[in-house]
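One chain comes next, on its own, written as structure tokens: the form predicted alone.
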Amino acid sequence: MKTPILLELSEITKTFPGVKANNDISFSIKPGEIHALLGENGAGKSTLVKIIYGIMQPDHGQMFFGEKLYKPSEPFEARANGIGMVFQHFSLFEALTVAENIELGINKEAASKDLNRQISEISETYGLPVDPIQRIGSLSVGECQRVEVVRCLLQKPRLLIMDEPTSVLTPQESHLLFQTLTKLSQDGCSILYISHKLEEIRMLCERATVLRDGKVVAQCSPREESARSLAKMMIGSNLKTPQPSKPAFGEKRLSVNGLSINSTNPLGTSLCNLVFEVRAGEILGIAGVAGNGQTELFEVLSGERTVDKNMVQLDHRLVGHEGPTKRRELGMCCIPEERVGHAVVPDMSLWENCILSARTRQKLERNGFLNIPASHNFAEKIVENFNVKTPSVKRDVRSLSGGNLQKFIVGREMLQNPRILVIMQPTWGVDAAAAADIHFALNELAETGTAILTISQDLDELIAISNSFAVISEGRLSEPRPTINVTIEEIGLLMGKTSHFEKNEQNDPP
């Protein structure tokens, strides 16, 4: 008896100037199957799923959906056929509410006068809490991810494409999402799952197709493989394992003292009496569920929001009242979690985006004049040192895949030789090999004496690279302690309960 096929791809090929993104790709997905699509950043995964979703059209090859020829010319046709997609970069309008964004992105048949009630019901059913009347601009990245998932589920898809869905979720949230996906699979919905977290691939997915340089290089059952063997299929060689830098710390580089502020966002999180320090050579990891004050803390540290000058010190200099440019002059570099719009301007080239943050420390501007050759050279150095896949530094940043964009942003800040580095979600959306490279680079930077503060929701990552560890919850920070002394269970309790924050419990923001 012939095995039923929901989606079949045959010799799909797509070429861009200077690169063949997809090269004769063929594979199939069964009804109710959770199928992994694996590959390094730039392997062709994003291009392929955009073709399936109708955003792009292939140069060659055919697709069949439900055994019928499938040629979507736009996402609307894909959705009409029963295909939903949760993008790694969100397609949401910040000025509109959750419900208004969802209504814009679904077919009329799926919307109704009771849309708010539908959103609430699906949110509650699948453990993805969102408020229909809340504005997108007030949400954290993790909350925006939930909106995208809920929008897809409202359309009852036959095939759900998920691109890095757990990159901004806590382990508890990821576990609930896996339960949701398993139930959808049992109900007959197929799932094409893209993730660089190989352990979750092994746990969740039944089959996997592995891409390398735009070609299918392997197909396997992830449950019969190890994370290391999957990584080897992806990169063609063994995966390096980074080790945390040795705890030989120097003088205090970054000090935060009594940091209490009200969030400027009515739905944000105020910070309450935060006290911590990061020493030369130390990597301090801060964990927390999205929306617990991480954004407000980053804004204060980067200088995007100024505070009383005594609240923040760089190398014993009071800088709470100073802006980003002055802090960069003093040796602080910062990497936000939101890449597009915050870290880079998508319609500007790679070398132009270097000027935005490196003009001071790399002397790319002087007396109002730009040093364009130096900017080109710096961009090329980033591309070479961090293996950013791009035909030219003259290409717009939007041409990079999500993982390559992250490598570019991380490289741009690290290669400025900062004395203090503040980084949020350092390996969000990058493949296992690139994540290992970034972790190695962070350790090497710490060993040169840089003080590093890492804010992440990836607990495995924080435990792997941090010397010291703290948890932020409802704007309060637990007392930092050596990472070697903490367990995942303790971290989970700290992330969910403010009663553990004894030092800050009695203090309120001004």
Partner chain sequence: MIRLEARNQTSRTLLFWSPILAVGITVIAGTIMFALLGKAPIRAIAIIFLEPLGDIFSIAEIVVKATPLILIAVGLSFGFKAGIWNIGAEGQFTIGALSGGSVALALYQIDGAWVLPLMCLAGAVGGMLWAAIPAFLKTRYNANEILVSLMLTYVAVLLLSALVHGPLKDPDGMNFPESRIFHDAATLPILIEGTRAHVGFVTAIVAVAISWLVLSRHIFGYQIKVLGQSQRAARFGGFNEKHVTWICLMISGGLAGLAGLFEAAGPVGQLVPALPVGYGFTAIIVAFLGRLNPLGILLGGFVMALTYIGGESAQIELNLPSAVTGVFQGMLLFFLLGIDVLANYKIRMTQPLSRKLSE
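The term rigid core refers to the maximal set of C-alpha atoms that superpose within 1.5 Å between the two forms. Owing to the predicted nature of the structure, the values given are computational and were not obtained by experimental measurement. Numbering follows the first chain given and starts at 1.
Beyond the structure shown, there is the form predicted in complex with its partner chain, which is absent from this document and is the topic of what follows.
Distance criterion of 4.5 Å from any heavy atom to its partner chain in the model of the complex singles out Glu74 from the list Glu121, Glu74, Glu384, Glu329. The contact residue chosen from Arg228, Lys183, Arg398, Lys156 relative to its partner chain in the model of the complex is Arg398, the criterion being a non-hydrogen atom within 4.5 angstroms. Although the partner is absent here, Ile355 is a contact residue: one of its heavy atoms lies within 4.5 angstroms of its partner chain in the model of the complex. Within this chain, Pro132 is remote from the site of its partner chain in the model of the complex, having no heavy atom within 4.5 Å.
In the model of the complex, Arg146 stays away from its partner chain, with no heavy atom inside 4.5 Å. Within 4.5 Å of some heavy atom of its partner chain in the model of the complex lies at least one heavy atom of Arg412. Three-residue candidate spot Gly291, Asp308 and Glu322; no residue lies within 4.5 angstroms of its partner chain in the model of the complex by any non-hydrogen atom. With its partner chain omitted here, the record of contacts in the model of the complex names 296-304 of 269-277, 436-444, 296-304, 219-227, defined by a heavy atom within 4.5 Å.
In the model of the complex, Gly368, Phe369, Leu370, Ile372 are the residues of 368-386 with at least one heavy atom within 4.5 Å of its partner chain, listed from first to last.
Relative to the superposed core, Thr448 undergoes a Cα shift smaller than 2 Å between the shown form and the other one.
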